[in-house]
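The chain that follows stands alone, in the form predicted on its own, written as C-alpha cells.
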Amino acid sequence: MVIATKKGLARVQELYQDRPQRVKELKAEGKKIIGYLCIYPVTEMMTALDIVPYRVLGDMRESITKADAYLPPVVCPFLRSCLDQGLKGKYDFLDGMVTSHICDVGSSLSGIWHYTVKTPFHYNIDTPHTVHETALNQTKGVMKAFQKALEDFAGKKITNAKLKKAIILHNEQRALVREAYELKKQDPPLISGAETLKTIKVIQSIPVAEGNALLRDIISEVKTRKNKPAKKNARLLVWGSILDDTPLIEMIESLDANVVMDDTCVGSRPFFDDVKITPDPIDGLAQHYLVDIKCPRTFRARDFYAAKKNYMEDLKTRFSYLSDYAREWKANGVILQSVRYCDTHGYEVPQVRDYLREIDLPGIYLEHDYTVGALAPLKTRVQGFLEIIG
C-alpha cells in the first residue's frame, strides 16, 4: 500500500498534476475502478460495492486529434475532449464506464465510447429530464436496473445496509465540501476559487473516504495559514457549464476579484444537497439525482403551466438559489460562462440574465471553446466588467 507523504493543499496539487496516480495504485492492489461522466451516475452504488468511482473529464490543455472522426467539431468541445482522451488510451486503467443522458451529445457519446474505447463494463443511465412524479418513478426504475448491472459486474449484491452506509459516507463528503465553502464567506476568502476547483476535481478522482480525510486536512490548513488570498474589490459568483481546469478561474483571480462561490458541476453543484436516508435507499437517491441537483439538463418548472405563472415567477422558482448564494457569500457580480455549443447551458443564459437583472445583480456572459488559448481575449471583457461593478 502506498502512503501519501503530502497532506492538505500540497496533496491536492500533487494529485491535480497526475490525476490517475492514486487510482492506478489502487488498481494494482486489486481494486476495481469505474469511470463516470457528468454528476448523474449514482456513485453511492459503486462505493457500496467497494468500487472506486472516478470522474471522467477532458483536457483543455491538449488538442483534440482523434475524436473528430466520431463527433463533429460543432458539438460540445468538452465531450469531444473526453472521447479524445479515451481514444488516446488515457482512460485505459478503467474497469468500467458509466454515462447518463446529460444531453443529446452526451447520449451519443455513450454509444460511441462503448464502440470505440471498449471499456470492459459499460452502462448508460437514462435519467429523465423533468421532475414530474412519473419521472421520479421512472428514475427509481432506472436506478434499480443500474444496481442490477453493477451487481452482475461485481459478482455480489448491494444490500440496503451497504447502500445506506455508502450514502452516509458520501453525505459526509458533501457536508465537508459545504464546510470548505463556508470559509469563502470571509473577506478575503480563506481559500481561492482555483484552489477550490482543484480540490473538487481531486476528490472526484479518489475513494470517497480518502477524499473526506483530505477535505478535513484542507479545512484545518486554510483556517490557520498565513498566505491566504488577498482582499479584492469584487466578490464573484461563477455559474455555468463544466470548468474542470483552473485557467479561467486563475485569469479572473489575477484581476481585482475573488471567486467566492460557484454553481458548476466541478464545484458546488453536486454537494449542496444531501441524499435523504429513506427506508428504501433508492427513494432518497432518486430524489437527489433527479430533483435536488440543480442543472439546466433538468427542466424544473413542474407546475408552470398548471399554475399559469408569469415569466418572472417562473425564473424565481428556478433560480432563487442564486440569489441565496449571492447574499450569503456577499457576491457583487456574476460571471456566466459556457463552453461553446453547450446548448444545455447556452439556452439557459438569457433567463439567468433576466433573473439577475430582476434582483439587481450585475452579470457578464463568457463563451469559450474549452482551450487555454481561447481565454486570453476574455480577460479584457472581465476587466471591463470589474470596472463597472467597482
Partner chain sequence: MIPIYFAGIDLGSTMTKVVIVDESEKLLAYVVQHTGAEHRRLANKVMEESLRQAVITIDEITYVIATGYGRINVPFADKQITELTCHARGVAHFFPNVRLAIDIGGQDAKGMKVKNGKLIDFVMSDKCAAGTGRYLEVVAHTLGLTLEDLGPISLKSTRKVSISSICTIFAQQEVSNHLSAGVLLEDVVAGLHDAIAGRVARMVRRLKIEPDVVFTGGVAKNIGVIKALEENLGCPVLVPSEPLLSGALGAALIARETILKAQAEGKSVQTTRRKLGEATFFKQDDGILSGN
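Residue numbers count along the first chain shown, from 1. All values reported here derive from a predicted model rather than from experimental measurement.
What follows is about the form predicted together with the partner chain, which we do not show.
Residues I219, N227 and A230 are flagged as a possible site; in the predicted bound form, is every one of them within 4.5 Å of the partner chain by some non-hydrogen atom? No: no residue has a heavy atom within 4.5 Å of the partner.
Taking 4.5 Å between heavy atoms as the contact cutoff, choose which of G211, G284, P247, G96 touches the partner chain in the predicted bound form. It is P247 that has a heavy atom within 4.5 Å of the partner.
Of the listed stretches (26-34, 320-328, 361-369, 43-51), which one has a non-hydrogen atom within 4.5 Å of the partner chain in the predicted bound form? Looking at the partner contacts, the answer comes out as 361-369.
Taking heavy atoms only, is L9 within 4.5 angstroms of the partner chain in the predicted bound form? L9: no contact with the partner chain in the predicted bound form.
Indicate whether T380 is a 4.5 Å heavy atom neighbour of the partner chain in the predicted bound form. It does: once the partner chain is placed as it appears in the predicted bound form, T380 has a heavy atom within 4.5 Å of it.
So, R55 and the partner chain: in the predicted bound form, are they within 4.5 Å at any heavy atom pair? The answer is no: R55 has no heavy atom within 4.5 Å of the partner chain.
Heavy atom contacts to the partner chain in the predicted bound form at 4.5 Å, residues of 334-350 in sequence order: If the 4.5 Å heavy-atom criterion is applied to the partner chain in the predicted bound form, 334-350 yields only R340.
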